[in-house]
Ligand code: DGL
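Next up is one chain by itself, shown in structure tokens, the form predicted on its own.
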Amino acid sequence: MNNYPIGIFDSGIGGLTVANAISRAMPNEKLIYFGDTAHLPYGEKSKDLIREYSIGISQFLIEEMQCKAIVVACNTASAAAYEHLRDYYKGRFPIINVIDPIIESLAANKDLKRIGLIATNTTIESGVYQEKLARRIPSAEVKSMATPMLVPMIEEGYAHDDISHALIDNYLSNPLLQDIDALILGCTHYPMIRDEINEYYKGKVRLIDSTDILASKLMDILEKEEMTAIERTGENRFMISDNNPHFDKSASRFFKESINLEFRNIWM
């Protein structure tokens, strides 16, 4: 199984930021990415629907694409469906989510007193981050706020312009997010606007996203399970469930290089 691909999925193309980090950290690994653009955005869907979508995509990646591990590269799906997927596969395949590696990273820093969290409605309402942080860092105060307009803004290519500046300033100026030591970027789209968020805080707030942290965690798991690729075999593949021509350009921004998107409607 060592040379089998790693399966990565997200509700859209935001998880390509995670795929890019994994590709840089483990260049021998072949990736198969699936963006469920037919059901975008997950942030406004019910937990039951998200679990249904996540199981369907995981089955496709494991059974048809023969992936050796699954990365849930979506905070919303991680919050709503990770434990269900973990129990469903009962340890037969490594299932990695984007939330736990962030919690582990923050727990290693005992100096944090006030931690902010921005994410989709479903991620915030799930309470997963809040519960895990309260358990691992009980002394820290967690301030959470849903920022639902950021994902469509980023998907449509509005970044580093007047529109993105105005929306980011509107969200981050909320009293909930004042006087924080760190801010969790609780969506895999948000690394695309990390520089703008850092500019708002003038570099005084530690920004935490899952990309490099998750890539390092995945590498540790595959090495421990002796599942790392011996050599690179074949090219990465990138799939979306709803064909949309403008995603090609957007996807290349997320992955940091030119890619070809395949249309695969697994829901038919």
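The model shown is predicted, which means the values in this text are computed figures rather than measured ones. Residue numbers here begin at 1 and follow the sequence given.
The next section is about a form of this same protein that is not shown, the form predicted together with this ligand.
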Practice task
Would you please decide whether residue 151 lies within 4.5 angstroms of this ligand in the predicted complex, comparing each non-hydrogen atom pair?
Solution key: yes
Problem - this ligand contact at residue 70 in the predicted complex, heavy atom, 4.5 Å - result: no
Problem - Close approach of residue 97 to this ligand in the predicted complex, 4.5 Å, heavy atom - result: no
Practice task
Report yes if any heavy atom of residue 239 sits within 4.5 Å of a heavy atom of this ligand in the predicted complex; otherwise report no.
Solution key: no
Fill in the blank from the handout: Testing 197-205, 214-222, 228-236, 37-45 against this ligand in the predicted complex with a 4.5 Å heavy atom criterion leaves exactly one stretch, namely 37-45
Practice task
Would you give me the residues of 196-225 that have any heavy atom within 4.5 Å of this ligand in the predicted complex, in order from first to last?
Solution key: none
